[in-house]
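Quick setup: the structure tokens below cover two forms of a single protein chain, split into structure 1 and structure 2.
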Structure 1
């Protein structure tokens, strides 16, 4: 009867439970606990000053998020976040799928291309921001010289009120495209060859075989990629911080949370409320997206 008690009898039975407690404890102390506390703080006037009292203020912080003197900007940030999420999710996954399909054709040196496309992910935000800061230097950067030669036009890039956000979206996609591509590639390689052969015998065109064989079978990778880019895009603030620092109409919700927490006043209630709003928005989008995409996944 050893199998019934793989860890022995008596107190020893609790060993696995105890061992599980360690990661659970870490998770709760450093992740779950603070998250719950953030929700609680969002209903208080807590400050960062040691020894100060904390009072419950009801929905005041939420009122301030949407109806204070400068809430128009926060609403703008929210709209900008949605725009950012939409463009990044669509373009990043579109381009990544295309690149993954091309690389999956077993062309020569596919490992090299894979590495090149994945490189920006490894570089990290600070390096990427530095690189594109130099590329987009309005005075001596190569891109502006190219614009000048090709269109006789010069841009201010990250210093432009109208274009800066577009360039940030571009950099974000450039940076994470390789990541999505890798996930698609893994999905593509798990598609059984015989399905294509069967399709070939039935006389499918390349497009038909992509539409009816490849696409349904990589739907799980598609779901993962969509989720990752929705969550990633809606909580992006690092690339904004590193390129424009929120100037020139480039603030997003996540950037506002960062700014209110670390640069605003010592009040922690408002940033907590902001992050709760952000969390709820991400939750809504993720739930809707998952429901939609689960429908299309097929078993094979």
Structure 2
């Protein structure tokens, strides 16, 4: 059989490898390299002072994360992160799936609805925080005025110790629900219409069609959305920084990493250890989620 040379002969055959070298180098320098150094720093007493010495301290930084200093606040942040991840993952995907199913019914102006629901994703965190900061303004915000008219009640919103974190969860879901919706919509549109027609002939109801036809066949989309939601929720700190700056019981692990790195002491070992703990938690949840989702895909 004649050998094929899609990229030519001689040195031209190595052009694809040369083209891959630049992105690979960027990945190593800006992602893989810093990740490895973070793990190394977590076992040292390195500081943010140029020229300072670095000494190996073993697991001291990991001990400090859970048992020293303000470790109680860090444990609260971990619990709050898990709560944030669970609520965001369940509600965001539930609402996104519902909206995707409705839009998939070939409604008039469905492309307009897609754009409307996806718009918050492209606005950016700063714009979203500004918009909802005005909406939730305790003095003149329209939401507070609506609360007053309907319930005779006013809230401090992002300034409330009891409700601020709930409003942050709401904003997070509102901002990224459109992204999950598009993934579900792509999965829904790949379901063969013949299956629905066969189900209709057999007398299945709409709920039975969804349960036995739609839901099993969009399992890959569900898996992708679950993973993205888990990783995104457990890594969220920007919306917290832009709305409450970690006050009013809204700190999460990701925000603690940011605070310890850029606003805490000069010690870099502790935030590095906290980053590693955060990564391991995300890894555990992702592995468990992938295992369960893949199992469901195989069963159906």
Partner chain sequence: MVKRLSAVLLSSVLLLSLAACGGGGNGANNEAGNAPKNEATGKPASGEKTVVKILHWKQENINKAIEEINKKFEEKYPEYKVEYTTTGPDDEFKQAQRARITAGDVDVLADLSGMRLSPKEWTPGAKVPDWQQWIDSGLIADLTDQPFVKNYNANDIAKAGTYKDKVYALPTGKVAMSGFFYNKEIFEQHGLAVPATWTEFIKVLDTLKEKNVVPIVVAGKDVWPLKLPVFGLQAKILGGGDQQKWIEGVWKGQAAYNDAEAVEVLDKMKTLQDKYIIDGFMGIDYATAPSFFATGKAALIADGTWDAPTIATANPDLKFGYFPIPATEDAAKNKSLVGKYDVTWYAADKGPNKEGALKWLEFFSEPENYTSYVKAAGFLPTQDNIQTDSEFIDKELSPYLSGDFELAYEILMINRDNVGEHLAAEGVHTEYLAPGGEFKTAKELADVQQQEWEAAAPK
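All of these numbers come straight from a predicted model, not from anything done at the bench. Think of the rigid core as the biggest set of C-alphas that the two forms share within 1.5 Å after superposition. Positions refer to the first chain, counted from 1.
Novice: Which of the two shown corresponds to the form predicted on its own?
Specialist: Form predicted on its own: structure 2.
Novice: So, superposing on the core, is the move of residue 281 at the CA at least 2 angstroms between the two structures?
Specialist: Moves: no, less than 2 Å.
Novice: Taking 2 Å as the cut-off, check whether the CA of residue 21 shifts that much or more between the two structures after a rigid core fit.
Specialist: Moves: yes, 2 Å or greater.
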